[in-house]
Every structure is written in structure tokens, then in C-alpha cells.
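Just one chain is shown here, as C-alpha cells, and it is the form predicted alone.
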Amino acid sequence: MLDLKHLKTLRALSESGSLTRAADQLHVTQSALSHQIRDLEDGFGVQLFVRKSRPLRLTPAGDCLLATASAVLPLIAEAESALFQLGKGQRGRLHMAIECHSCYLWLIPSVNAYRPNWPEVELDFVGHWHLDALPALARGELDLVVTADPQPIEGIVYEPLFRFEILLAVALTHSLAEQRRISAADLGDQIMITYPVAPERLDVFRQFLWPAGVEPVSVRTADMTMMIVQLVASQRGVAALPSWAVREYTDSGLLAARPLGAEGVWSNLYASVRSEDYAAPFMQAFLATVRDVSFRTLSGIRAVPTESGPDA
């Protein structure tokens, strides 16, 4: 049967032009190489090269096998290189989902900073609004999920990225814009505009409204930050957004933003990865890049206290 060593032999014969030099190139004896060629010729009933030709000349059967070697051996070498890179953590796949739509504002620059140094890592973003991202991560369908709502799932590690404040975005002419801080009671007669995420997964409900026994009049959802901003600016409701997401709109005079409660409402953001991928160099480099870019480009964020990080 045809073997990989036969393809390497035909390539060596073609490159060297002699049985002796081919044997030296393959680090085998000439006798062993002759025996290998003879077995191959006898097995298929063909002759691979013209005997006593100088330089060695392949027959049509030899040319056929050489064409196969020329096509297959580079693919084998590429696969071997990829496997070595994977084994050393220099190559991998990073298919990401983000459970915080405004995170694109800082994650895209992080990816752009990371990509030139890790060109062998396959990077992609996967739509997440209708995807249960963390279970998909555990199943291997995703490789990293950015979330502010870590769940206890076996085999998932949550790496703290940073801590951020949630602000209430309101129209400039809204009555709440006149207040320095917003109480939970202030929102009992408001329409809350959120991303399409269950309220129990949103800190404005878990940390602020529900402990005070307050529910907004209704909840309206929008997929994109810009859509939420436009709805808020036109007084269709109010929205609790990360400070970095609302700052460009407050700076441009489109919205006002106010802290929630006396101490503010703060949330931790995590990168969740599978435990077997966590220590890979390409993964650690990505996490380090995210933290570096975030702390250089986002104002008002803090490091997550060690004790507040969830267990793996």
C-alpha cells in the first residue's frame, strides 16, 4: 500500500537525481531505499524510474506519484506546523460572543491591537442575542464570552476584566436630568429601555430596583446602543447603561447621565473561557491585551477586587 514515506522517497529521487543522494537526503542506506522502491513497484506492477539513467529519470508512473507528493507533502508539513503551534499555545481559535452590546466600543480596538501579534489565531464574533452563550461556550461552540453575569458552569473559568459604573441615561429635558442622583423610587413611573436580556440578568434590576421593591412601568428592548440612545433622547424612556457607553452622548450634549443611588451601581465584567484553554499563551495574551486597551481607553473603570471574582 502507498505510504507517506513513498511520497518522500519520490520527491527525494526527483530533487537529487540519484539513488545514492536520495538515500543520503532521507538518512537511510541505499540498500534500504532500493528495497523500499522495489516493494512499491512490485506491489503496483509499475516501474517508477528508468534504471541506469543519468540523471535519474522518472517513468509516467513515477511522475504520477511525484505529482501526488508535490500536492500532499506541503499539506502534511502545514498540518504538522499547525499542530505544533496549537500544542505550544501559539495558534488557536477565538470565537467570541458578547453579552454586553456596548462592549464592542472597547473590544474591537482590543482585537485590532492583538491581531498583528497573533496572526495564527482565528478570530470571529458570533451573534448572541438569541444564543445562550455560556452553555454554548461549555459545549465548545464558542471560545470566549464577555459577560457581567457569570453562571456556575463546570469547566468554565471567569477572568475579571474591570469594574464599571452603571448610569441612568435620560433626555436633557427629562425631569430626572435635574437631579444629581437617582433613587429607585424615581423609576417607578418610568419606561426602562434595555438590551434584549432577561431583567434578572441586569444589575439595574438585581442591585437597584428589586431590593427596593420597585418595578418600572414597563420594559422596552432595543438591539443596539444607538437605538437605545435615540429612544431615550426622544423621551420614550430611560436606560441604565455602562458609563463608557453613555459618555460620548453626554459629551456631545445628546443625553444626560446620573448615578444610581447614594453609592452608585457598579458591575464587574468578566471574560469566560473553558478551563482547558485558559492557560494557553494565545488566550492569556488576548486577556492581557483586553485589560491593557480597556484601562488606556475607558475612563472611570476600576480593577475588580480579588475577593469579588467568582470561582472557576
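Residue indices: 1-based, along the sequence shown. Predicted model, so just to flag it, every value in this text is computed and none were measured. Between two forms, the rigid core is the largest collection of C-alphas that superpose within 1.5 Å.
Keep in mind that the form predicted in complex with the DNA is missing from the display, and what follows is about it.
Comparing 60-68, 259-267, 245-253, 27-35 against the DNA in the predicted complex, the single stretch with non-hydrogen atoms within 4.5 angstroms of it is 27-35. Contact check for T20: a non-hydrogen atom falls within 4.5 Å of the DNA in the predicted complex. Taking non-hydrogen atoms only, L40 never approaches the DNA to within 4.5 angstroms in the predicted complex. Mapping the unseen interface onto this chain, S53 counts among the residues with a heavy atom inside 4.5 Å of the DNA in the predicted complex. L19 is among the residues whose C-alpha shifts by 2 Å or more between this form and the one not shown once the rigid core is aligned. With the core held fixed, the Cα of E248 is displaced between this form and the one not shown by less than 2 Å.
Once both forms are overlaid on the rigid core, the distance between the two CA positions of A69 between this form and the one not shown is under 2 angstroms.
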